[in-house]
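Shown here is one chain on its own, the form predicted on its own, set out as structure tokens.
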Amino acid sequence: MTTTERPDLSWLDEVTMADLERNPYATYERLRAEAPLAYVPVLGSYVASTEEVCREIATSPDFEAVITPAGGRTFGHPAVIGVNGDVHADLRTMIEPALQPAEVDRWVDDLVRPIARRYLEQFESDGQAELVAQFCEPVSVRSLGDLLGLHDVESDKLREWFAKLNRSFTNAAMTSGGEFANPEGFVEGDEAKAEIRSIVDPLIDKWIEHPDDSAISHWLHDGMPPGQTREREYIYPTIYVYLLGAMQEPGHGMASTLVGLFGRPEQLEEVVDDPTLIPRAVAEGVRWTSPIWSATARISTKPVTVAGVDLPEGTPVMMSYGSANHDTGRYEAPTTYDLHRPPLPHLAFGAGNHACAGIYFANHTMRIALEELFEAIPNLERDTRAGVEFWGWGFRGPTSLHVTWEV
């Protein structure tokens, strides 16, 4: 540590994973004020909490990506979010072509809009719904599942997989000895991966011999010499990344956007009346409650000083982008959802060369789904008889969202 006087951070010894999963904002608000870069014992890691420090580390040549211990235990190696150099370049070359804006524009409307309409048809005459389970998550997982080539996997099964992988990935509590505090917390993630492999392995066998336009088929073949494919063990960790992060991000992003708009009825009315405002509403929604809240990390490649803290080479730092997006040094009244907030850049999708590759796809999935929702049910209201609970520290969103409307 630097010799500069540091605040007393002994209160961090009392922070638990339950505190962070239920409501990380109080802890991180205090961290931003007292120690923008601090060691958090329950996580066994340094944590970056302000916009400035997160962006500095994410873009610094003195840091490279590293996967969190729980993330590594969940995904295995090489997962695209935790590798560097040639392996990272190859994995990004593998996944990015289908996610380039010009390519996404070619097919995203034909992919997402029929899916959104299909789910709306199931409840639009009911006068009530629970939108997380009946619309937001199903549209999100079905859209990505079809893109990956998992057409025959039911949406509820895809939702089950990402929920199990989520709980495994965020099983981050560590003992003082550097061991996982709850090793049993990885069991259901392991069960999900075994089931995924039992379904995807035969598809990979097929795609090796008979390539098609599905994303995983392209991952196997693109950029490889004729007659060769990437090994399945090489791509599986990134498949798991997609089945967790990419599956939940649009669903939770649109659900959080709706909660924010319901809290500002006049702004909801504006968006319903003028759908061209939906991209702006979504941008504010994912800033207000970032779907990927604190799921990525970096590691120092040499001794470096950040925010007055001396970090030896090889020091991991967890990037708390959800906290950075509530930084009062960057945003006015950041805890308030505001459609008309000046459009400052946010960190909901990360920064640097490990920023989310699917930003464009995710934003358009959310846009199209909300266009269809507001077109079908323009008089949507939150059912105030039921509360809205947000959950999650690594990945965050509403657990449910009950709504009503007059049919």
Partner chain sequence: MTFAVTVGGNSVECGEDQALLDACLRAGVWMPNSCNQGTCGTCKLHVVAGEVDHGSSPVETLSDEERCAGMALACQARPRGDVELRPQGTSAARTANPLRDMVGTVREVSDIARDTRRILLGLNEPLTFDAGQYVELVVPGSGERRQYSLANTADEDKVLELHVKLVPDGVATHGWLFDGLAEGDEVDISGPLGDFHLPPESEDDGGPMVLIGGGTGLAPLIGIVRTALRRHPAREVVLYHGVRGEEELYDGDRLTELAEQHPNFRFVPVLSHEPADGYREGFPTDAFVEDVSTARGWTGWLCGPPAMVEAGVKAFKRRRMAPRNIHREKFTPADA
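None of these values were measured; they are calculated from a predicted model. Residue numbers count along the first chain shown, from 1.
Missing here is the form predicted together with its partner chain; even so, the following discussion is about that form.
*Asks:* Among the candidate stretches 319-327, 288-296, 158-166, 270-278, which one is within 4.5 Å of its partner chain in the predicted complex when only heavy atoms are counted?
*Replies:* That would be stretch 270-278.
*Asks:* Counting only non-hydrogen atoms and a 4.5 angstroms cut-off, does residue 190 reach its partner chain in the predicted complex?
*Replies:* No, residue 190 is distant from the partner.
*Asks:* Is residue 352 near its partner chain? Define near as a heavy atom within 4.5 Å, in the predicted complex.
*Replies:* So residue 352 counts as contacting its partner chain.
*Asks:* Considering only heavy atoms, tell me if residue 66 and its partner chain come within 4.5 Å of each other in the predicted complex.
*Replies:* Answer no; every heavy atom of residue 66 is more than 4.5 Å from its partner chain in the predicted complex.
*Asks:* Does residue 105 reach its partner chain in the predicted complex if we count a contact as any heavy atom within 4.5 Å?
*Replies:* Residue 105 belongs to the contact set for its partner chain.
*Asks:* Only one of 263, 101, 308, 303 gets a heavy atom within 4.5 Å of its partner chain in the predicted complex. Which one?
*Replies:* None of the others qualify; the residue that does is 101.
*Asks:* Using a 4.5 Å cut-off on heavy atoms, which residues of 350-379 contact its partner chain in the predicted complex?
*Replies:* Residues within 4.5 Å: 351, 352, 355, 359, 360, 363, 374, 375, 376, 377, 378, 379.
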